[in-house]
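In structure tokens, the next block holds one chain alone, the form predicted on its own.
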């Protein structure tokens, strides 16, 4: 495949992901709604900047995107100046946005009508994973298209897997968020209980992390949680967006998600406390009754 690619959306995830592609030898043209961010990226990595998604996609065999939500995705993908307007037949659009499975299926059909292919490929690993090139990527879509772009995605991931047809990547990401929500709430309650019981929570975690209670969240977040530092990852506002997608899908497929629904409301409480931009481990602050100015 050609080394010419495009990347649309240079947020906390897209910025380093596009950088990894450029550093790996791909010729990356970027588009970002805030043009200054795109120019900053080009100054840092040496790629090219486009004025519209369609211009960025022109001549690219693979177009990557990582934006905010379903509506943002539709706009940059198939809008009036969307990427599809500049893509050649046979090219592939890889969407790293965490969005709904329904929009993934919708866009896959629209791209197919233009003789292009669409992969939904949401990621897990947060800003740190993006910066370190160590993301987990969950992919839905045509197997041939996946095989053609896997080496591109390997540049910024430690694990990438195709789960099935269009929408499957988004459904897998929903499972990821369901599991995280319950784990973080459980860890928050455990740390809160240990403190209230007069135990040293650091010592408690040192012991229980060697057993069945161990998790990535425990290993990587308990110290900052106990320090009251909640600036280390995925924001509560974005988690609520994701859990909204999860709960909408659950209503469609008749899944029962009582814990997920409850934790979603706990995150709403954190937003009410002023912690919308705190990371998801801030569920502990809710139990402690803290606010964003404390």
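Positions refer to the first chain, counted from 1. For clarity, every value in this text was computed on a predicted model and none was experimentally measured.
The discussion below concerns the form predicted in complex with a further copy of the same chain, not included here.
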{"item": "Which of 165-173, 149-157, 107-115, 81-89 sits within 4.5 Å of a further copy of the same chain in the predicted bound form, heavy atom basis", "value": "165-173"}
{"item": "Non-hydrogen atom contact residue 258 with a further copy of the same chain in the predicted bound form at 4.5 angstroms", "value": "yes"}
{"item": "Residue 100: touches a further copy of the same chain in the predicted bound form, heavy atom cutoff 4.5 angstroms", "value": "no"}
{"item": "Any non-hydrogen atom of residue 206 within 4.5 angstroms of a further copy of the same chain in the predicted bound form", "value": "yes"}
{"item": "Contact test in the predicted bound form: residue 250 vs a further copy of the same chain, heavy atoms, 4.5 Å", "value": "yes"}
{"item": "Interface residues of 175-205 toward a further copy of the same chain, as seen in the predicted bound form [heavy atoms, 4.5 Å]", "value": "175, 176, 178, 179, 180, 182, 183, 185, 186, 187, 189, 190, 192, 193, 194, 196, 197, 199, 203, 204"}
